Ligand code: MTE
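Heads up, the chain below is alone and in the form predicted on its own; it's given as structure tokens.
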């Protein structure tokens, strides 16, 4: 069911909740209210007793830890960070329109949100456990949610490189926008890995393992890998795929929406832009004539690392049909490819082609 009367349940698999905000509420504020923050689940929300919850930290560590939520709050300094999370499948709907994609959620532009997360730094917890071997190179996570694969249950999981895990921006979050972490967003504890695809920010966290290799979990080795456009389900070798980590630079028009009927004269165009979090969005260009001419958009706030950039532009439009287009650059001079064809992949991941939509002005 919907998370609230303000939250639209947009996509479901067998009643598994996957939800995003109504588009007229998307990116209206810099920080996304909890009730409007998108939800991506691969199975049902797990059942557990908070009183008996323990986080296990093990692997290539000098001492294993078993921590309750109260112990995490008591023993580790609380840190807060405003960061954007984005599903790897955001904007998949455009890829599906270009060429069919099987068995994947056809997200529009709504699988993204920004929150103020608070909790312990993952690096602080790892330092408390101690890294015991020079072979340690990855940190793997497991959640309490279990998915059926190959006739056996497997906990949802994934991993990130050790150097990212030790970075000060990576949190074990137990608060979201000043409230206890909601159940749909991973209560009692979730990893927050800013700048990476949302799939690496594992919810309902139960285990952390320091290890030499990447996680062997299905969602690391198969589920979230990127392939070039010529690879399909018929010829894929998952061992050749690139595990998804950093997000590419991207920008999206949120308002007006595709197919809108507008009045001639001043038209305000608004949207969001995002990079890998380490680099600020420095420029957003918007076109009202399919990319023939461009104008620079204005930012609505100062750029911040790890968070999206909201922007707006104004056009004087005569009657007729107009194709709106947006593209962005970040501080490392990364930009977006022009066409869907150049980024299409059979999983429909990380679509960052120029975003286009048509409106009618009367």
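Numbering follows the first chain given and starts at 1. Worth saying up front: this structure is predicted, and the values here are computed from it rather than measured.
There is another form of the same protein, the form predicted together with the ligand; it is not shown, and what comes next is about it.
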*All three of 85, 203 and 224 touching the ligand in the predicted complex at 4.5 Å, heavy atom to heavy atom?*
yes
*Spot the stretch among 181 to 189, 121 to 129, 69 to 77, 235 to 243 with residues whose non-hydrogen atoms come within 4.5 Å of the ligand in the predicted complex.*
181 to 189
*So in the predicted complex, does residue 156 come within 4.5 Å of the ligand, heavy atom to heavy atom?*
yes
*Can residue 39 be called a contact residue for the ligand in the predicted complex at 4.5 Å between heavy atoms?*
yes
_Close approach of residue 199 to the ligand in the predicted complex, 4.5 Å, heavy atom_ = yes
*Would you please decide whether residue 145 lies within 4.5 angstroms of the ligand in the predicted complex, comparing each non-hydrogen atom pair?*
yes
